[in-house]
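Just the one chain here, the form predicted alone, laid out as structure tokens.
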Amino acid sequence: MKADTVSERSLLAATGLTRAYRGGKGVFDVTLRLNPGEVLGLMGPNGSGKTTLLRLLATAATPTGGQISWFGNSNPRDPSVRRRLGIMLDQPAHFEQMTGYQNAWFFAHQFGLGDELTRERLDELFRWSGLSDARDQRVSEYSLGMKRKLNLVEALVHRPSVLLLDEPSLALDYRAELDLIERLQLLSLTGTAVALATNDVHLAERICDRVVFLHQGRVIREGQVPELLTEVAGSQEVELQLNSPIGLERIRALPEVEAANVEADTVHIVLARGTNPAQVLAVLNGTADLVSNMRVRRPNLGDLFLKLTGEALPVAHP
């Protein structure tokens, strides 16, 4: 496909996007596009630039370099741009002393919805989110999970063309996460484009068409999810839960080991295709009693990130 054809049908396009902060944090020279009906995952450890990038795409921050185009319009202050964006950032912004329904009603009117349409859509979204019983409760009394559900209601009420979501599954229970996946899949079928920042590899593999890996503010790999997974196909990930610390140098030096990283009391090791996990235990030279538990599983996107960077994606916690 020709590049100009891709650009013409992209709802959102960023070229050379940079936002630099003191201390070297930010995002640097990021180029990406988002097409109708596409679900794009932004993945990387804390501090990799996911939230900064999402804020730039959401018009909530200004780049220090590069350019963004929304629906062919490069003016972030144009109200027609903002009204076609649905945004859920990392810190939900609500009027704490107002009820959940009052907050959602306010946001719906900011997007130009009339009373009747607002009432109809909010009734459906409050049922969908499980917030119906808490609609007349002050937001100050909401839990984190309830606030994030309310944020989703506010992001969806005006039926945006582009949804920008930061860790949308964070603090959601299993049922709510399944409902979110189903809603996003339906929206995708109707042409809504979604960009979501997440380290939930299971969510990303289930719902994303493409994934962008960010590391230290830069894109280190981008591709279709099946294509990315072929890079670790046939290998294995071994998780060793330890009773006390061990050095990783000897493990990393093994030719069968593609990557190894330690997080808290767990060592994550990506083994090359056909490797017997016992070879890794053997190199511990009689210290296997330090291992309290071992689990072997098929690799996922997180293992590819570990292989590329030597750094593990943090596990998403509720």
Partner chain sequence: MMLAGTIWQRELVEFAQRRRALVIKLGFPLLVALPLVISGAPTIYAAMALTMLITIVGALGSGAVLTRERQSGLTLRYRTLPVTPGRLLIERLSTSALIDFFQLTPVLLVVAVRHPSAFVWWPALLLSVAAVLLIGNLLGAVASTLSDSPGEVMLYVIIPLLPLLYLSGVFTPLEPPILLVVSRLLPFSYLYEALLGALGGQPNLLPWETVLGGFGFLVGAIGLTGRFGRRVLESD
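Residue numbers count along the first chain shown, from 1. What you are looking at is a predicted structure, and each value in this text was computed from that prediction instead of being measured.
Below, we turn to the form predicted together with the partner chain, even though it does not appear here.
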{"query": "Candidate site 30, 218 and 260: all three near the partner chain in the predicted complex by heavy atom within 4.5 Å", "finding": "no"}
{"query": "In the predicted complex, the residue from 121, 202, 82, 210 that sits within 4.5 Å of the partner chain by heavy atoms", "finding": "82"}
{"query": "Contacting member of 275, 59, 266, 69, with respect to the partner chain in the predicted complex [4.5 Å, heavy atom]", "finding": "59"}
{"query": "Partner contact for residue 109 in the predicted complex: the partner chain, 4.5 angstroms, heavy atom", "finding": "yes"}
{"query": "Residue contact check: residue 97 to the partner chain in the predicted complex, 4.5 Å heavy atom", "finding": "yes"}
{"query": "The partner chain contact at residue 237 in the predicted complex, heavy atom, 4.5 Å", "finding": "no"}
{"query": "Partner proximity in the predicted complex: residue 101 to the partner chain, non-hydrogen atom cutoff 4.5 Å", "finding": "yes"}
{"query": "Contact segment among 85-93, 202-210, 173-181, 189-197, judged by heavy atoms lying within 4.5 Å of the partner chain in the predicted complex", "finding": "85-93"}
